[in-house]
Structures are given as structure tokens and as C-alpha cells.
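Here you get one chain, nothing else, as C-alpha cells; it is the form predicted alone.
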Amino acid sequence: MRPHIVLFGDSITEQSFRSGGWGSSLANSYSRKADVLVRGYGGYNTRWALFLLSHIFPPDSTKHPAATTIFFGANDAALLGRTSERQHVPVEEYKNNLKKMVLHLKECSPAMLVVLITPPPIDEEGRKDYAKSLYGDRAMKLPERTNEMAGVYARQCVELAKDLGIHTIDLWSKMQETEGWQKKFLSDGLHLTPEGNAVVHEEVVRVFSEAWLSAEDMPYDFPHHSEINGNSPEEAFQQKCL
């Protein structure tokens, strides 16, 4: 009965239903109005995520999501020659992979609201500190990701959204508007703190509302308790379910 909202992405999406996560906050915002489904895959880049598309979004499904967020790029932007190079995807391929995802979703349902989210900024000192906590003296001197390169991928994501005429959230730019964003929004130089999750939640709600999926305008799936007459409760359900 309720429309579905699917969150498709990497570990930042996979972790979004942790305490204080942006996915759990979104589920709360759309409580009794839409079901929020998390399809996040830690460590995945867009190249690997393409193999999941037809499984998560089968074209022959009888019920497609009302909205889907696509949140990849943090792993694609890992640098060659450093510890996470296995995840690296060239920026041109990254952009093309995102395009394939959007076109697949629109083929499934032309009416689906698709929102691209750019990778977040990178706190390079935070990434180095995180590597030291894992590898000690064996940690590489240089971070495996840089904020500059994350920005390159973010700009391609924004550009693609404009080309396709769909909504986007430029998280890379948005977070850097706040002084001290490095530690305020990022827990290990990449993944989100509760404050960082709050930014994503706020931006997703804003974009959904600016489109056509405002929670405030959506009806409850069944009568609000205030509408139920204690002596004849069936009346409220008969009216609501007609």
C-alpha cells in the first residue's frame, strides 16, 4: 500500500540505518507514509554496483519504487598506487556508470524520482589517522583518497544530473560550507558522524519535497487514531479504505 523509497549506494548508505543515520531519520520522516528500503553495499564502486541493478530493480516488477537515491563515488575516487586502488574507477567511467543506473531506473518506471548524491568531501588527515589506527607504522604516508579528487567526481555527478534533467545533492560542496566540517561531519575522514548524517537527511527531505514527494502532503496509510470513533470504529476504516 505504501510507496517505496530505495536508498542505493555504498557503505555510507549501508550504515544509514545505524543510530542517528540519515536512512533511519528518513524512515521516521516518512513514517506511515512510505517504506524506506536500504540497499547499501560497503566498499562497492559504480562498476560493481551495475551487477546489482537488475536484481534490486527488476524491470518486470509489478511495483517499482516511487523514489531512489543513488549515492556512489567515494570508492570510485580512491587513488591509484595507494592502499584502496582496487576500488578505483576512472572518472569518465564513473559518470557513465551513473548514467546507466539512472537510465535503468527510468526504464523501470519513467515516473520514478531519481536523486543523485555526490560523494562527500574527504578529510585527508582523518584518513591518515584512521590508517594508522589499522596498520600502525605500516600505514602509507599519503592518504588513499584526497578531497581534491573527490571534488572531481562530485562535479561529474552534478553535471550528469543536469544533463539528464534529474535532481542532485552536491554533498561535497554543501558540507564544506560549514567551518570545521572535517571533524564535525566525518568520523574517519570519509564516513559520517551523526551531524554528517543529519546534513544528508535534511538535503534528501528538501529535494524530495521540492519534487513531488513531500511527507507533509502524503496521507497516512490508515486512519489517524484521532479519526476513530470509539463506539463505531468501523466507520473510519470504511471511509479510509474506499
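Predicted model only: the values in this text are computed from it and were never measured. Numbers for residues come from their place in the sequence shown, where the first is 1.
Keep in mind the form predicted in complex with another copy of the chain is missing from the figure; the text below concerns it.
**Student:** Determine which one of 156 to 164, 106 to 114, 84 to 92, 120 to 128 lies within 4.5 Å of another copy of the chain in the predicted complex, judging by heavy atom distances; exactly one does.
**Tutor:** Checking each option against the 4.5 Å cut-off leaves 84 to 92.
**Student:** Using a 4.5 Å cut on heavy atoms, which of Ser173, Ser61, Ser209, Asn28 is close to another copy of the chain in the predicted complex?
**Tutor:** Residue within 4.5 Å of the partner: Asn28.
**Student:** Could you tell me if Pro219 has a non-hydrogen atom within 4.5 Å of another copy of the chain in the predicted complex?
**Tutor:** No, no contact at 4.5 Å.
**Student:** Would Arg39 count as a contact of another copy of the chain in the predicted complex, using a 4.5 angstroms cut-off between non-hydrogen atoms?
**Tutor:** Judged by the heavy-atom cut-off of 4.5 Å, Arg39 is in contact with another copy of the chain in the predicted complex.
**Student:** Going by a heavy atom distance of 4.5 Å, is Ala215 a contact of another copy of the chain in the predicted complex?
**Tutor:** Ala215: no contact with another copy of the chain in the predicted complex.
**Student:** Is Arg47 close to another copy of the chain in the predicted complex, meaning a heavy atom pair under 4.5 Å apart or at it?
**Tutor:** Taking the distances in the predicted complex, the answer for Arg47 is yes, it comes within 4.5 Å of another copy of the chain.
**Student:** Where, within 1 to 15, is there a heavy atom within 4.5 Å of another copy of the chain in the predicted complex? Residue list please.
**Tutor:** Heavy-atom contacts within 4.5 Å come from Met1, Arg2, Glu14.
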